[in-house]
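What follows is a single chain, given as structure tokens, in the form predicted alone.
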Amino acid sequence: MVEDFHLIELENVTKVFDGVNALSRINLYIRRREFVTLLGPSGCGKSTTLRLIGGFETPTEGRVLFEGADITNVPPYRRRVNTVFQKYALFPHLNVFDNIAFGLKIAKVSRADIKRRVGAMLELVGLVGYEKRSADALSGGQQQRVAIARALVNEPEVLLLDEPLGALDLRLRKDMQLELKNMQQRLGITFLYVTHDQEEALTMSDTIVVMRDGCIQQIGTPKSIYDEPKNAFVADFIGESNILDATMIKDERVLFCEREFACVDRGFGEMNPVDVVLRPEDIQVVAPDQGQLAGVVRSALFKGVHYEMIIDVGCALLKVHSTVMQPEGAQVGVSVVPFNIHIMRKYAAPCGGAA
């Protein structure tokens, strides 16, 4: 079925700028109607990946496919994608209606069809009544909606969004995250979104692609990326983590802090060095004689919905989130259930992967 077909594919894509690899043999596919987020720090290659799909860059090596057809050298205007950039690039001398209608006029669409389609977009982005307002007279959030409407009015199969919320304040950014996700679900088209903000990625995405130094580190659902990071970089980048050196004794048994713990992970071999990830919210603070490890509270901060404590257990300083605060200097125990002990191999994932 068409729905199951890979809408976009990158095959062994490398991109070199001035002798430096911005991307190294990337393999990625994106399904129809997915909300896919490319997530990573500045310089990881996520915007370059987006620009390759949009046609604004050409791979040094490899191919870009759309519905199985090679579009590597097809110019942007002939691709069935549109792009929304962080700088919205609205035309200041045009009003809202004309900004949205610009691409339709270039394509010589009839006046009646332009009016109908622009009206539908204004309703979709909640700007009915703003048709005659100058683009310069809009707030940042309204300008962002106009930029999205202008991209969507041409009915692309894919919308590319390159950190479009970066210029907005925190409250408006959170509101727009929900609006973008709802919009994508209503329209039923593919969104490819670029951000360095892990909260945005976790909130909106069907699939997250975590990138670092031009390589894909992990691909998965928000829950799988958060709960089962493949390496220390992913664990540290997606949420807060305690990462400890450990030894995998055998399946479902791991040694760290000179103590053996039960876990649920298998397939890491026997007596092999691994990393253990303990999320701060998964560590329980108990009485000193009831914990798997004993420690001393070094600091305690109120964070609103929880307290953040740093607990010295001898082998490590553990960051712990709890709704109950223990004062600085208190003797405590800490425990973690097997399901919340996550095991990772001690090496970074190679380039490549598939969504």
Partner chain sequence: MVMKRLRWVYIALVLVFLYAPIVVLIAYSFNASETRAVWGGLSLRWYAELFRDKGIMDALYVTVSVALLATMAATVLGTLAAIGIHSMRSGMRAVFMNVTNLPMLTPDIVTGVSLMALFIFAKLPRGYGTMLLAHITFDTPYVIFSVLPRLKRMNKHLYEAALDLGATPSRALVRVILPEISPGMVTGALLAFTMSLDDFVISYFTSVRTANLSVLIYSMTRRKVPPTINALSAIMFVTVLSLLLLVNRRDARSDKSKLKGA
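Just so we're on the same page, rigid core means the largest C-alpha set that superposes within 1.5 Å between forms. Positions refer to the first chain, counted from 1. If you're wondering where the values come from, they're calculated on a predicted model, not measured in any experiment.
Absent from the display: the form predicted in complex with its partner chain. The rest refers to it.
Although the partner is absent here, residue 154 sits close enough that one of its heavy atoms falls within 4.5 Å of its partner chain in the predicted complex.
Its partner chain in the predicted complex is not approached by residue 184, whose heavy atoms all lie more than 4.5 angstroms from it. In the predicted complex, its partner chain sits within 4.5 Å of a heavy atom of residue 87. Proximity of residue 103 to its partner chain in the predicted complex falls within the 4.5 Å heavy atom cutoff. Residues placing heavy atoms within 4.5 Å of its partner chain in the predicted complex fall in a single listed stretch, namely 92-100, out of 184-192, 92-100, 228-236, 276-284. With the partner omitted from this view, the residue of 242, 207, 218, 82 that lies near its partner chain in the predicted complex is 82 [heavy atom within 4.5 Å].
Though its partner chain is absent from this view, in the predicted complex it lies within 4.5 Å of a heavy atom of just one residue from 171, 266, 259, 108, which is 108. Counting a residue when any of its non-hydrogen atoms is within 4.5 Å of its partner chain in the predicted complex, the hits in 37-63 run 51, 56. Relative to the superposed core, residue 274 shifts its CA atom by less than 2 Å between the shown form and the other one. With the core held fixed, the Cα of residue 176 is displaced between the shown form and the other one by less than 2 Å. Relative to the superposed core, residue 157 shifts its CA atom by less than 2 Å between the shown form and the other one.
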